[in-house]
Each structure stands twice: as C-alpha cells, then as structure tokens.
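Given as structure tokens, the chain that follows is alone and in the form predicted on its own.
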C-alpha cells in the first residue's frame, strides 16, 4: 500500500473546511490551522491534527494548501511571523486555492523557488455547494511537473482540474470567471425584475428559461434563492468586490476597458452601503435594483 502524502491545510472558512474534509475522508494525513480553532473541531474529531501556526502546520508536510481571503493573507501565511515558508522542505509544494492577484502568485513562486519549493496558484469556482460536493472547477497555474504531482489531491476536491499555464495563469483565468459571475448577476436581477413587473410566476420563469440560451448557473441557483427571498451568501458581496478590484487592476495593466464589470461593482457598492450589505450573497445585488424601482422582490 502506497503511503499518501501528508497535507497541511491553512484556512478553514466556508470553502476551506469542506475541502479539507474531503482530503481527510480520502485518507490523507491532514495538518490543519485556522485563525479560529473552533472551525476545525469537526475535522479534529475525524482525525486531523491541529497546529498553532502556519509554520508548525507546514512542518513535515509534503503539500501545503492555503485557502484564505486575499493576496496579503497568502503572503502573511507564507512569509509573515510564524509563516509556513521557513518550515517547508525542499521538494514540497504549496497549492494556493485563494483568489489573489496574478502578480501575488508570481511573487510567491519567485520567493519559494529559491528554497526549492514549488508554488501553484489554483483558485477554485463553484461556491460553497461545489466545495461541499467536491465538484469545484480548479484552474491551476505554475510548473507542469508540480501540477502532475498534486493532480490526484486536487481531483479529490474538484470535478474539473485543469493546468492553464505558468505562474499567475490560474488567477488570471479566475479573474475572467469573476467577470462572468458579476455580469450574470446583472442579468439575473434584471430578468427577475421584468418577470415580476410583467405578472409572471418567478419560479416558473426560472424553470422554463434554465435550459434555454439565456440559462446559467446563476439563473438556476441564485435566481431560485431570490424567488424565495433568500439573500444568505453562497459567496459574499465583499469578497466579490475584492475579486473585482483584482479584475480591474489586471485590466488596467493590459489596457482593457471593462464597463460591464464597473457597472456590477457600482451595483454591489450600493448594497454595501446598507449596514451588513457586504456580508450578503451576491444575489443581493437585487436590492440596488429594488431601491431604484421602489419594489421589494427579495422581501427587504
């Protein structure tokens, strides 16, 4: 029987905790660390081992997986006080499933490669449901040989696992994904508003159009939440806004105008202006439309 590589997992939030659980269930020895220990309790009960810092968590691990919020968080986990970089052994690999700037991914690659450690930027999409069901799409940038070594691990977490290019390419493709998500949300909100004003049954409209040319994951899943007045997050607006800032920074570097993305940012910003708005799901964009129209589709 072949021994499975030991995995260190840092970041046990909405996405990270179920992802770590799949690895544990698959039999991988699992080290875990999160800023809030209580988030790890179910994993610890199932056999994971807790460590008090990223450095301690990474010691002895073959692969370190990070799932945190933003570029500074990844840099802190790796290179900050008690950061993991100093504990990683030569020949090990860091797989960052966070959504960060492509330039941040390249910076991590340069700093870790000097110590003989590979870095893969491997952002995911599919939301909380995808993390729970291990059906995520994982887009990976970095050395091809390192990708092949960790492919079986990533296959435990996602349904679609693709190597898309060199360091930073995974994050660049994730930026493209977030454009689609943001603009799909505009379409969902506007279509539902029109359906309501035309006197149509929202749930019937969702079901009927789901298989048509205008159907999308957002229409099938998030429009259904809106029809029930559910604004709870599968993905929070504040995190989408962070991602869209990365999108616009990349677009500025490339000289590409993104007016649709800018409109989505402004609509999300209108929701953020309401107390607690940033913690709502992205489908809460509807609140901005309701305010403009004086309606209450979502019951708020």
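Quick caveat, the model's predicted, so the values are computed rather than measured. C-alpha atoms forming the largest set that superposes within 1.5 Å between two forms make up the rigid core. Positions refer to the first chain, counted from 1.
In what follows, reference is made to the form predicted together with another copy of the chain, a form of this protein that is not presented.
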query = Judged by heavy atoms and a 4.5 Å cut-off, are 95, 101 and 117 together in contact with another copy of the chain in the predicted complex?
reply = no
With the partner omitted here, the residue among 85, 150, 195, 226 that in the predicted complex has a heavy atom within 4.5 Å of another copy of the chain is 195
Picking from 75, 155, 200, 129, the single residue whose non-hydrogen atoms come within 4.5 angstroms of another copy of the chain in the predicted complex is 200
Of the candidate stretches 41 to 49, 25 to 33, 246 to 254, 55 to 63, the one with residues having heavy atoms within 4.5 Å of another copy of the chain in the predicted complex is 246 to 254
Within a 4.5 Å heavy atom cut-off, is residue 169 in contact with another copy of the chain in the predicted complex? yes
Is residue 89 part of the interface with another copy of the chain in the predicted complex - any heavy atom within 4.5 Å?
no
Proximity of residue 190 to another copy of the chain in the predicted complex, heavy atoms at 4.5 Å
yes
Next on the checklist: Can you tell me if residue 177 lies within 4.5 angstroms of another copy of the chain in the predicted complex, counting non-hydrogen atoms only?
Outcome noted: yes
Within 128 to 167, the residues having any heavy atom within 4.5 Å of another copy of the chain in the predicted complex are 137, 139, 162, 163, 164
* To do: Once the core is aligned, please say if the CA of residue 198 is shifted by at least 2 angstroms between the shown form and the other one.
  => yes
